[in-house]
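Presented as structure tokens, the chain that follows is alone, the form predicted alone.
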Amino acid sequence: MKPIYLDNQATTPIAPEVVDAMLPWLKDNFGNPHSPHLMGRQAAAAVEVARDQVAGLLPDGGRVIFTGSATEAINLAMGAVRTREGRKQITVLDTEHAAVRDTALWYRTQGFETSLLDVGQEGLVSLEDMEACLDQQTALVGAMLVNNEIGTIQPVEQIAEMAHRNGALMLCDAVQGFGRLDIPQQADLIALSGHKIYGPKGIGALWVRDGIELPPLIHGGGQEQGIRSGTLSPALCVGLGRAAKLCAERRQEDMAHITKLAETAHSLFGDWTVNGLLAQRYAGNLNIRRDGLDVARLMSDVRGVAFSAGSACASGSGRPSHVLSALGLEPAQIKSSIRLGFGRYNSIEEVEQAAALINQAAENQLS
């Protein structure tokens, strides 16, 4: 029996409309988009249509660079610090995704000073603390729009304004918010991913504000605007573009549906404690805990529901969640926390069934 899928922060099911859009580019239309002949030009045209569809959800005054993932996009974006002459300081939130956080820490080995900014018990950064952390040495500030583990929505627009007042660039990891929430207009670099918006895996994108220089991360033929070498996949680009367009068309419908799912879930997990802020939170993310619970055992007992104990990207590392640690949770509390992610294709009935299975297994364990 197929499990109830409630792990939409880790990945989303691919939309049927996206599959239909991709299929021709996986079968007969197999031309290399960098070739000059007719099939190549047709593939290149499809890539540019997809680029415009993605750009339609992003600010004006910039360009979209296709990448193999959001992680690649973030690594490419952070290379901008090498062009900020005389600036050797990087500030990111302590709760950033590992793609930002670990890359920022790696830059310490390259002579940069990296600051991890505290977020407090609710996971929301203090703008006063952010202001105090920035100065004329700051090259880049990183803040994600929606946290992937606890759903907190950060004040990215204000953070970008602070960064600019100090002459720094602002990087926004918008992976969990793209296609769902308004994208910050003041950000300089914006990363996104296909498989978080009902599109394919293996494709991401970086939006770069006009005038910002980026040293290449991957060297070779310079196929993607001279910045990102390697042959683009028209099928993946088309899939990301169609997924973005679908998100734009369905945004209000999707949000209303996901909000109903979240309200139902909140009412069914009354014995659990919510991790993070309730008010300023993306509705599709519910991170909760029950003290004394062994979540590893819980996940084994509830095989009929696909949910998570944190970020899928860090699940194999053996490290406790750095996000929940940043909220001040004790290791035992972190180990008693689960994350439920609601999406476009979930139903109220699925949420009710999942809650019943999880709650029963938790009661059996704690009794």
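Quick caveat: nothing in here was measured; it's all calculated off a predicted structure. Quick note: we count residues from 1 along the sequence shown, nothing fancier.
We do not show the form predicted in complex with pyridoxal-5'-phosphate (PLP), though everything after this point is about it.
Checked against pyridoxal-5'-phosphate (PLP) in the predicted complex, the candidates Ile150, Val141, Met144, Met78 yield a single residue with a heavy atom inside 4.5 Å, and that residue is Met144. Residue-level contacts in the predicted complex: of Gln154, Thr103, Asn285, Thr71, one residue has a heavy atom within 4.5 Å of pyridoxal-5'-phosphate (PLP), and it is Thr71.
Shown alone here, Arg180 lies farther than 4.5 Å from pyridoxal-5'-phosphate (PLP) in the predicted complex, counting heavy atoms only. Although the partner is absent here, Val238 sits far enough away that none of its heavy atoms falls within 4.5 Å of pyridoxal-5'-phosphate (PLP) in the predicted complex. pyridoxal-5'-phosphate (PLP) is not shown here, but in the predicted complex it comes within 4.5 Å of a heavy atom of Val175. In the predicted complex, none of the heavy atoms of Arg290 sits within 4.5 Å of a heavy atom of pyridoxal-5'-phosphate (PLP). Stretch 195-203 is the contacting one of 249-257, 111-119, 216-224, 195-203, since its residues have non-hydrogen atoms within 4.5 Å of pyridoxal-5'-phosphate (PLP) in the predicted complex.
Contacts with pyridoxal-5'-phosphate (PLP) in the predicted complex, taken as any heavy atom within 4.5 Å, map to no residue of 17-42.
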